[in-house]
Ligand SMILES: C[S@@+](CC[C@H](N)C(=O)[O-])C[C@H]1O[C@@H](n2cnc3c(N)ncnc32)[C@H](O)[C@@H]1O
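In the form predicted alone, a lone chain appears below as structure tokens.
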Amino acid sequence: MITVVGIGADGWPSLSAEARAAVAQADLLVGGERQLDLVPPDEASAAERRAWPKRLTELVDELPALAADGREVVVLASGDPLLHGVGTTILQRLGDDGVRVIPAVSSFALACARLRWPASSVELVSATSRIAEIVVPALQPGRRAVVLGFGPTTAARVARVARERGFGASRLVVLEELGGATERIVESTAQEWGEREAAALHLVALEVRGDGPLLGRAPGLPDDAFEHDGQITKRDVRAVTLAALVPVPGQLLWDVGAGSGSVAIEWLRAAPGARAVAIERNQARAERIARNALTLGVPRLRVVHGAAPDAFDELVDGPDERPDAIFLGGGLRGSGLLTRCLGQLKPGGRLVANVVTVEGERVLADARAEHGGRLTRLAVAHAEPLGGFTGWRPAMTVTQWELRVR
């Protein structure tokens, strides 16, 4: 049996009777050095103690073998092991058969309690990857967020991101060693915090204030929110395109011929936990996509520099890596790429293709005749000055084909 036990900064005294019994019966005790030190030497005295290696997943994958022949393996985790903790990693890699979880109070719950913030109105952001830009989607006036970090510089990195985006006036509260004997809470603002370090174990609470750009999560960010060279799915068409793609948490999008990466980036912003790959043959554009993803708070976007469909070969490693949705926005000269994309989709997957040329329209019309789906023409015009008057300036008409694979 593998038992994952949550333990707070206050250590052994706060563990429930069930958690103490599990630790006492352990043959192998696994955890970070800090968690292992919280278990007194006379508790689990017969257990072997093993700290996590640098690559945590290597030991996670060993756990079933270590728990063979009736051995009891106890994994110690901070607070609630299933709240961005090692318990989630264990269940994702090993499944839930033979795994028991005994949680403690999470640091998120403690932070909300200390600040008297109703937890249901607070966004939890995990910056344990050390990339603080992941907080960007939460930077909306009046929004409250609690950021889980890693190491003493988390507060400084979060403060920097808020300042750079015009939200330096945000209330910033650093909560150190919550629940422990050395608990400390420091109030500041993102502007005033500067580069100060905090205790290695701390959270950052933000109450967003300032006059930074208002960037919502609904698809259709302004075009100037992205760095681009003109190769971008324009705002109005992008909003319609994302609606057709249907962003879903946990699902995977391939953005083929990604240009600026705007569709993949908005897919990730719209559905927390979604995944996306941006495929772009132009090196400068591929680098630009990565910058846009970081700026707009979705650093987990995978950017592949390569030409489709050849680049597909390195993307699929088992059925789980086949995409749930594919967007083709880079132009179509023939049906070959379209056919390859259809062959990659999971059952129930969605393909959306946009074209602006007559040749591309022929390809989509033929595809609709063969496969069905929906063909839509999108014509958008914007009011602009015309002499002393105002006139309508039309954008290029876009023909869109969407199909759900059976």
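Quick note: we count residues from 1 along the sequence shown, nothing fancier. Values in this document were obtained by computation on a predicted structure and should not be read as measured data.
Another form exists, predicted together with the named molecule; not displayed. Remarks below refer to it.
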Problem set entry | Exercise: F150 in contact with the named molecule in the predicted complex, heavy atom 4.5 Å | yes
Exercise. Any of the heavy atoms of A9 lying within 4.5 Å of the named molecule in the predicted complex?
Worked result: yes
Problem set entry | S170, heavy atom within 4.5 angstroms of the named molecule in the predicted complex | no
Problem set entry | Heavy atom of T233 within 4.5 Å of the named molecule in the predicted complex | no
For this session: Consider the chain as shown here, without its partner, and state which of V298, L252, L178, V73 has a heavy atom within 4.5 Å of the named molecule in the predicted complex.
Result: L178
For this session: Identify which of L294, L83, V246, V99 has a heavy atom within 4.5 Å of the named molecule in the predicted complex; exactly one of them does.
Result: L83
Exercise. So which of 218 to 226, 134 to 142, 195 to 203, 284 to 292 is the stretch with heavy atoms within 4.5 Å of the named molecule in the predicted complex?
Worked result: 195 to 203
Problem set entry | the named molecule in the predicted complex - contacting residues of 371 to 406, heavy atom within 4.5 Å | none
